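Given next, in structure tokens, is a single chain: the form predicted alone.
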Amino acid sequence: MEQNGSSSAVVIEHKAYARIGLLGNPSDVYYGRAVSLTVENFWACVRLEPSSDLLILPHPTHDLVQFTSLSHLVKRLENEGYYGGVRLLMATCKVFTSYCKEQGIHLHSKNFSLSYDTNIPRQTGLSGSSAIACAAFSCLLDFYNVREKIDVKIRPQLILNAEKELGIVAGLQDRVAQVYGGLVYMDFNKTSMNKNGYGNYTQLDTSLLPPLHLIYAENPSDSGKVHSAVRQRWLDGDKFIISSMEEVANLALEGKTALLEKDYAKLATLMNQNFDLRRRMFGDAALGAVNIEMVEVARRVGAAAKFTGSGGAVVAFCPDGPLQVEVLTDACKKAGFTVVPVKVVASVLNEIDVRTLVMKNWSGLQTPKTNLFALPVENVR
């Protein structure tokens, strides 16, 4: 937080960081498992400032409504799409308010202005939309002083609900990673999900990770198209898709063990297997030639590589060390891709957040009035 010049008005700012799916994706929406991490390289920042009227401020670039010509407008829509972050801020406000009302959580009547900035590249599978919603949610928690009343365990579902308001199809993986920060192992097994309505989550020490690199393209394909056919086939009981998703989920479980043992040769093998399974399920046409080439550029120099999410960016690991990283960097540049070292963010939970995770018999969460996931966390240090 920072003061804006008035002793009674506090400006609140929160960041949420881009998410890399290290192993297990896309099984998180199929009763699977995932290992994910948040990275300092890319983020979304939301700023909340007390004001006389409630204002949702458009971003000068991402919510552009003034153009130099008709062709400028059309080109902008072709490259960036129709939607910026304003709709995410609005949806987050709506879901936040509705939940508080349903749970009997009092909100004061003061107003605010809400604005955002982000440097997360679009359509790269780095969870740019959920980062905006997550950062906005954190601002609302502090503005209304209800951080202790809204358990960390249910915040990812509320953020996902805000995105669902806008027709965004996704699972909990990204939101859990961004709410908790750092390196997180997630288990969405069917028994737990159906019986309790939540998965099991373990925060791992980020020092367990080897050096990783992020590869991304300037003009990636639309990651939203990747899910459609496979999701329906899974719902229809397609045995190949179901068994393949189980294999992907098992890679995350094996990956957790590999990280704890710092068996990085095993980790490299698992990362490659993860991409190969995804490719078998979705097919090359759905994944896109540019996305596949990013993986293959890395593999040609001996690095392990897989998508960070649904496509548009790749996470790579060079098991042979710095000299191999140099070769990878050169190969990516020649192919027209950007490559950067991954800077991992530690857990972003503060003392109040941690307290909500260990509180027992919280009256407002015993029989929730909304269908939310509770997310118990086990810390491994």
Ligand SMILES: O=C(O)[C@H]1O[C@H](OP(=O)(O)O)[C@H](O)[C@@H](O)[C@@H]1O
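Worth saying up front: this structure is predicted, and the values here are computed from it rather than measured. Residue positions are given as counts along the sequence shown, with the first one as 1.
Keep in mind that the form predicted in complex with the named molecule is not shown, yet the notes after this line are about it.
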| query | finding |
| --- | --- |
| The named molecule contact at G255 in the predicted bound form, heavy atom, 4.5 Å | no |
| Heavy atom of M294 within 4.5 Å of the named molecule in the predicted bound form | no |
| A170, heavy atom within 4.5 angstroms of the named molecule in the predicted bound form | yes |
| Proximity of L183 to the named molecule in the predicted bound form, heavy atoms at 4.5 Å | no |
| Interface stretch in the predicted bound form with the named molecule - options 265-273, 96-104, 307-315, 142-150, non-hydrogen atom within 4.5 Å | 307-315 |
| Interface residue in the predicted bound form among L349, A335, V29, V325, criterion: non-hydrogen atom within 4.5 angstroms of the named molecule | V29 |
